[in-house]
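As structure tokens, one chain now follows by itself in the form predicted alone.
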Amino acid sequence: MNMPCKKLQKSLVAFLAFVLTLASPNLLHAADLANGEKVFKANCALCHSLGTNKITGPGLDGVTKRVPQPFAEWMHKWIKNNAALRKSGDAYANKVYADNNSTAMTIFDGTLTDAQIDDVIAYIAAPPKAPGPDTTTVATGGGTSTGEKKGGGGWGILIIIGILAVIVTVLRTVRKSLQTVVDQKDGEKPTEERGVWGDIKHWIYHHKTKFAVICIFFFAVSTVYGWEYLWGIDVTPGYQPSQPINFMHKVHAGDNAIACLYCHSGAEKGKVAGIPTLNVCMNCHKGIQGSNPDYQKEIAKIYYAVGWDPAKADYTNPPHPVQWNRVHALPDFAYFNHSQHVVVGKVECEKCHGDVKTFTTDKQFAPLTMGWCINCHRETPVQMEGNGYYTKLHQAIKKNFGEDKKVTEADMGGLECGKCHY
């Protein structure tokens, strides 16, 4: 092969390499970004954020410009087996290793396929844009929600009372005018003005039976409504106080499907479900800083409370306790054990707490009255499957009631006073 042909061949190879280098970002977009996001969250998000903050490893914002080019090729080697890349003498790989306190990254060779690694690189190179401010209503002071209209019932009653007062005044004026005309026509002296109270006493004196019936009616109505009011004291379904940190159950339990017991582990193991410590929050939020300003504001409150410095990725700031506002409260003389209901009774959390995955901050769903609890004991069947500790007891129950009988908690003494009161 002559010299001009060799030069032409080298030129074509160099041009092809240049075109592939320029096209590599565009080729990445052909990768499966959805799968890349899934793989990233499952394998990478625990140590890396897509921003600038450091978790265990550095933030990945701008990483495609920092690493040797073409970045896709180098990142593929690094993700697949960073140890092998460092041993090969790659200068940048050893620099990254040294800059991060010689903390070795996980080797994904054999764990992730080449296609999955390419999808992750594509996702890192083109992360989803942060959405705008959250439009979901968040509980604020007083238990109301942003954009939620406050009840206008009080104003309506005042307006009705005002209208009735005007009507009564007009009617009394008309009556007085008509009485004056009648007196003048009959040639009598004008009737002496008795006033409102005088008119009432005059009517009562001449309508004693009607007045007695009205009194009995109002006494009965006031007794019924008074009893209902007294019975409902401290019964507050729908109560939703504001909280120092607006924890969004909809985002965590709903959108991200986090199990209730991950945060409220006490519900499975003890009497009280408990409010999770902020260390539980930090399991995720060391790396997750929020996708919009509303979330970032609340996550910043968590960092402030635990003393976390996201820039240094360390607990270098002073901690500050969080004073949560209580939502559910049972009287001291009433005994309730979460684990007994969750583990043994297999009662779903939604039974007492409502569809929490649709809530913003927590609110009271059930009335939690004695009657409500008793009704549940009367209707809820005993779960006899999967409770090995009670096998002998359940066998005795079936023998006593029959195999086909739906045995409820009430049948097992669940209505006895000593079960809940001591």
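None of these values were measured; they are calculated from a predicted model. Residue numbers run from 1 along the displayed sequence. We call the rigid core the largest set of C-alpha positions that still match within 1.5 Å between the two forms.
Missing here is the form predicted in complex with heme C; even so, the following discussion is about that form.
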Counting only non-hydrogen atoms, choose the one of 220-228, 174-182, 313-321, 96-104 that falls within 4.5 Å of heme C in the model of the complex.
96-104
Quick one: is Lys351 in contact with heme C in the model of the complex, heavy atoms, 4.5 Å cut-off?
yes
If we define contact as a non-hydrogen atom of the residue within 4.5 angstroms of the partner, is Gln340 a contact of heme C in the model of the complex?
yes
State yes or no: in the model of the complex, is some non-hydrogen atom of Gly238 no more than 4.5 angstroms from a non-hydrogen atom of heme C?
no
Taking heme C as it sits in the model of the complex, is Gly57 in contact with it (heavy atom to heavy atom, 4.5 Å or less)?
yes
Heavy atom within 4.5 Å of heme C in the model of the complex, from candidates Leu261, Ala84, Ile159, Val170, belongs to Leu261
In the model of the complex, which residues of 280-303 put a heavy atom within 4.5 Å of heme C?
Val280, Cys281, Cys284, His285, Ile288, Gly290, Ser291, Tyr295, Glu298, Ile299, Ile302
Using a rigid core superposition, assess whether Gly59 undergoes a CA shift of 2 Å or more between the shown form and the other one.
yes
Rigid core fitted, is the C-alpha displacement of Asn279 between the shown form and the other one 2 Å or more?
no
Fitting the rigid core first, would the Cα of Gln289 be found 2 Å or more away between the shown form and the other one?
no
Direction of C-alpha distance change in the model of the complex, Asn256 to Ile117 (at least 3 Å):
farther
Inter-Cα distance between Ser291 and Thr103 in the model of the complex, nearer or further [3 Å or more]:
farther
